[in-house]
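To begin, one chain is listed below as structure tokens, in the form predicted on its own.
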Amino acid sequence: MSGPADSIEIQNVVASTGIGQELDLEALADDLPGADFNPDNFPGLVYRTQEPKAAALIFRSGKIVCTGAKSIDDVHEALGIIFDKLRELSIPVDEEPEITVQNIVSSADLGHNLNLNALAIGLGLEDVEYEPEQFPGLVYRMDEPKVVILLFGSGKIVITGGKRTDDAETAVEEIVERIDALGLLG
């Protein structure tokens, strides 16, 4: 039987790394085909990979943020491509720079409509933000795993703040259990 945890899809993985030295972003923008650098709008150089699809934000400090990837493997693959491109430009990059996952955003479907007004009260006002005039979703801050869940009346949810892929699964199982215990599931 498939349940809400089976509907989880990773939407975005954000990770950071660094090459431990300052970069000349103007020169890098000229040497890296397809790079976008507009310092009036954003202080970093944006370089997009197509396979896997991701964007790297490369900063003057040598810090790099990878966003838009659909898996942790894709993050490593995209950053590997970028590290190779930098090495081709004679910029020294360690063999295996440390890559830290900062955030995993996932979505899921609980399979039932939700009464968000009742949920806001039932889940405890100290962990909930629900202002339907401002935003149609209920914001629920979970302690374990430490994630934020956006719940919508349709039963669709977004889990953000996870650091590991199984954080979303744990969060979905936990929220389903809590909603069910309140008698508000289906």
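The structure presented is a predicted model; accordingly, all values stated were derived computationally and were not measured. Note that residue numbering begins at 1 and tracks the sequence as displayed. Definition used throughout: the rigid core is the maximal C-alpha set that superposes within 1.5 Å between two forms.
Below, we refer to the form predicted together with the DNA, which is not included among the displayed structures.
Taking the partner from elsewhere, D31 is found to have every heavy atom lying beyond 4.5 Å of the DNA in the predicted complex. Proximity of L114 to the DNA in the predicted complex: non-hydrogen atoms within 4.5 Å are absent; the residue sits far from the partner.
Proximity of R164 to the DNA in the predicted complex falls outside the 4.5 Å heavy atom cutoff. The DNA is not shown here, and in the predicted complex it never comes within 4.5 Å of any heavy atom of T49. Proximity to the DNA in the predicted complex, defined as a heavy atom within 4.5 Å, singles out one entry of A35, V128, L57, A118, which is L57. In the predicted complex, the DNA lies within 4.5 angstroms of at least one heavy atom of each of the following residues of 51-79: K53, A55, L57, F59, R60, S61, K63, V65, T67, G68, K70, in sequence order. The Cα position of F152 differs by less than 2 Å between this form and the one not shown after fitting on the rigid core.
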